[in-house]
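A lone chain, given as structure tokens: the form predicted on its own.
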Amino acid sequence: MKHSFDIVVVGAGPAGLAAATAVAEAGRRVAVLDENPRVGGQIWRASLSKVARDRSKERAVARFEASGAKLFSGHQIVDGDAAGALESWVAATQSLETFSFERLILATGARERFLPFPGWTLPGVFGAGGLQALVRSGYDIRGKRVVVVGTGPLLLAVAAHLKQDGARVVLVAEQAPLSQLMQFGLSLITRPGKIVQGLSLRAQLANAQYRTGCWPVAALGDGTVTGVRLSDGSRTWTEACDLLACGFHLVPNTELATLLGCEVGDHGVVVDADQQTSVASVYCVGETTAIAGVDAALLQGRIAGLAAAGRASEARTLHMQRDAERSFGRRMDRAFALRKEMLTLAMPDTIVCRCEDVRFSQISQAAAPGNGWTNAKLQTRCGMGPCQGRICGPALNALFGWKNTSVRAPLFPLPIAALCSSPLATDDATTLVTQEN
């Protein structure tokens, strides 16, 4: 099946919704593609739990639905080219669909960063956001003892939501030192809304311990997690728990942008003042460009939507607000920068690549001076499993400075039968079935 639109937006999170709404209100035909069944992305994921209403989400979704933008849910982008076509896999129909466009806006968001430490692959150890998403999908967490560890503002937000859903939050362990967090707090003196938001989350966790300068050393348990060993640099102790939620800040999802030839920097996809990438027909918004939060995502989405729809002068009126939110993101990166102890947690037998069961000792042997991830792949298959390095990649970047320089279609695993009618398939079908390289 083939579709044609003036503008296509990939991602229905806050940035994608804002971009599509601006495009549709400007009178252009726009499609929004998202792999989830509902709009909202990871940050506004539809919830079955009784959490507080999110007014900003409600307003954004209502405006999007009234705009006339067309939503294609359950569509996972697996291939594309900047010349004007994307190919999506639709699991519900087990088929591929092609979308042609004049301009493309990428709002592919971010994912949690994981760092390997002993026991992190035990059942009961989750990504912080992953556990929150599971609970919001109906997983019963009532009465379970939960420890939340890692870094970043996501920790408090996740812990507060888990408590609202009945969890016994035992401890929130933030690896950043108190001095850095205080400097970050002082830098927000002109942003009282952010301060109030943080204090509100902390108040909701009044009965839970909150420790700064504290990090996980090992997850403990035989068959499932039963506790976590923690350190503050001077002493080590064990906290009993039923579930361990880990999150070491976020990393942008840049795979599609890389596939399309967009320039990617240290913090995400590189964009100009109108959110346009190095590829003239492609714009990029939200966490994909740098981690800066929902407010930044909404502003960037609207700017890109207006610019792509030919209303650049109107988009420029939002540049100052957008730049202020970007500044907040940079301050946040500094406040929650990883301490050196976080990069020395893995033991020789610690699994780093979960898909291919590759251990730290194997990767260390392949990490000779001058060698990069490609050499490690050849020797160990690290990063060549179903997730294509999405989990181990950020960890390898933190540990060794390696970057994934080989992004090829399909971006996600596909059944080989799906390629029989694929408009973008090449004669060498195996290159589209797997990314082994």
Partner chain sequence: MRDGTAVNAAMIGLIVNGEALQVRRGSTVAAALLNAATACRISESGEPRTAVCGMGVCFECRATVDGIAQQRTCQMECRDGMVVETQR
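Only a predicted model underlies this, so the values are computations on that prediction, with no experimental measurement involved. Numbering follows the first chain given and starts at 1.
Form predicted in complex with its partner chain: not shown, discussed below.
- When its partner chain is considered in the model of the complex, residue 412 lines it closely, a heavy atom lying within 4.5 Å.
- Proximity of residue 139 to its partner chain in the model of the complex: non-hydrogen atoms within 4.5 Å are present.
- Contact check for residue 401: every heavy atom lies farther than 4.5 Å from its partner chain in the model of the complex.
- Put simply, residue 292 is far from its partner chain in the model of the complex: not one heavy atom of it is within 4.5 Å.
- The stretch among 266-274, 317-325, 356-364, 155-163 whose residues place heavy atoms within 4.5 Å of its partner chain in the model of the complex is 356-364.
- The single contact residue among 213, 127, 221, 329, judged by any heavy atom lying within 4.5 Å of its partner chain in the model of the complex, is 127.
- This chain appears without its partner; in the model of the complex, the one residue of 61, 387, 26, 43 with a heavy atom within 4.5 Å of its partner chain is 387.
- Contacts to its partner chain in the model of the complex (heavy atom within 4.5 Å) from stretch 71-91: 76 only.
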